Structures are given as structure tokens and as C-alpha cells.
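Take a look at this single chain in C-alpha cells; it is the form predicted alone.
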């Protein structure tokens, strides 16, 4: 079996590749990189891994020929550009490359919880656009809608190390939100890719992917305290201060998208109300404290 990851440089892409290369069925894996200097050494030396140069924003550079399955990951862009138009264009490129290859039986798209909405979810609207374009891109299509990444809390490490506190845009502090670890995303995506040819419950087949339990900002505080071995303070960023907070991090239009996304999953938001749930939810096994310890160890 031959599987292509496009692009392969993201953390989720790398996690998926590791699971694929460790699988006893011995699939061959091709990773698409805009910059081949970013290919990890652990992959370069593997006999079943091939790194090729390509850019999901340049359809002429994409070659999926010989592949049975493709994983598409569309990294967020943190520039004042039309992220929805970009998602449509990139998805169109992926679809064209799949159709040109003829061999591809299954497409797996790394998407997001909330991608079923066409309004009120900010950054996730790009995932909504991608799903629309990629329906029918291959004989089998799977959308993996992920919860909030545990690794997003890496942004808290700087202030934790310097001043023993971190900001939380997850409020109220005891409000629990589904999280998922990159490792569990990689395992789930690898499983779907390796299942190419197996009957799908629906086409596209869609499921939400969450961790073993939801977490609040207070849970994050306790997990960080366990990881660093000292007491910490968590400083809430209330709803009315979100745009100002995100504007210190991102350009204006990006800050607006992130703020809308942030509001969407808080109490009263579109995702909180969840009037159009996906239906099926799968659960990873990795606990938050494990991820935070890994993040701190890598700093």
C-alpha cells in the first residue's frame, strides 16, 4: 500500500507518518514538503519513506500517482489574507492532483469540530470550505473533525517560566472543552488511511475526534503545576477582552477570525450550542498532563 501525506511538515503530519511507518502492514509513505530541508532525519533514513518537493498551493507541483490514499492537512495562515479563498484554492489543487493520479482510492482530510457550520466559527470556516470542495474528490472520503489541540497550550510556557502565570481565553475557568493530542490525531488518521478499500458508513464519512476527557482552564493549571512542580496562577481573558488580547498576537483580520472562533466554543457560542452535531465521536487516550510535560521538555 502506498500513502501520501500533503503537506508532511506539520506536527500532525509527522505524527501520522510515525504511526504508518510503525504499522506491521509495512505501507510505503510519501511526504510532500515545500522545503526538503524540513524532512526529519528519522524519516530520511527509513527505507519505506520518500520525501518529495511540492506545495499544496501549486497544483503543478503535486504528484499523487501510485498512491492508494492521501492525507490532506491545511495549515492555518496567520496573515491578513482571505483564508476561505485559500482553503478553496488549496482543496481544488488536492482534488485535481487526486483525479490526475487515478490510483487514489481514499482521501482523508484533517478538519475541525465545527466545520459543519458556515457562519460564526471564525478560523474554522476554512475547514468548512475545504470539506465542501473535497466531497467526492476520491471514491472514499473521510473528514476527521478534531477538537481543540492540547498543544495550543504551548503558548503559555513563556509566562509560566518567567513569572509563574499564564493567560486563558477559555472561560469561565471551570468551563470544560474537548481537547485532543497531536499523537492521537496521527494515530486516527493513520488508521483511516490504512483502512482504504473498507466500506464506509457514509461517503463522506465524518467523525469528531476528542481526547479521553474535556478540560477546563483550571484543569490545565493543575496539569501544568504537576509538570513544573510549583503553584501557578491562571489569568482569565474575558469575552469582552478577547479581540484586544488576540490583536497583540496576530494581524487585525487574523485576530478577528481567532476571536470569533474563540467565542464560538464558549458558553453561548455556536459550537457550545452544537445544534448540528456530527453524530459520531471517537476518543484518543493521551491525557493533557502527558502533552504538557512533553512540551516543557522540548523547551
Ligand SMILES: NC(=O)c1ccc[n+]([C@@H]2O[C@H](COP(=O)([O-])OP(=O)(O)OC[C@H]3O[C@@H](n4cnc5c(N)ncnc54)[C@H](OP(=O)(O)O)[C@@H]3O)[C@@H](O)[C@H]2O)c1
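Note that the structure is a prediction, hence the values are computed from the model and not measured. Numbering follows the first chain given and starts at 1.
Beyond the structure shown, there is the form predicted together with the ligand, which is absent from this document and is the topic of what follows.
A heavy atom within 4.5 Å of the ligand in the predicted bound form is found for exactly one of 65, 239, 34, 46: 34.
Between the ligand and the residues 110, 87, 137, 220, the one pair within 4.5 Å by heavy atoms in the predicted bound form involves 110. Contact annotation: the ligand lies within 4.5 Å of heavy atoms from the stretch 69 to 77 in the predicted bound form, the single such stretch among 196 to 204, 69 to 77, 210 to 218, 166 to 174. Remark: residue 38 counts among the residues lining the ligand in the predicted bound form, judged by a heavy atom distance of 4.5 Å or less. At the 4.5 Å threshold, heavy atoms of residue 152 reach the ligand in the predicted bound form. Proximity of residue 148 to the ligand in the predicted bound form: non-hydrogen atoms within 4.5 Å are present.
At the 4.5 Å threshold, heavy atoms of residue 55 reach the ligand in the predicted bound form.
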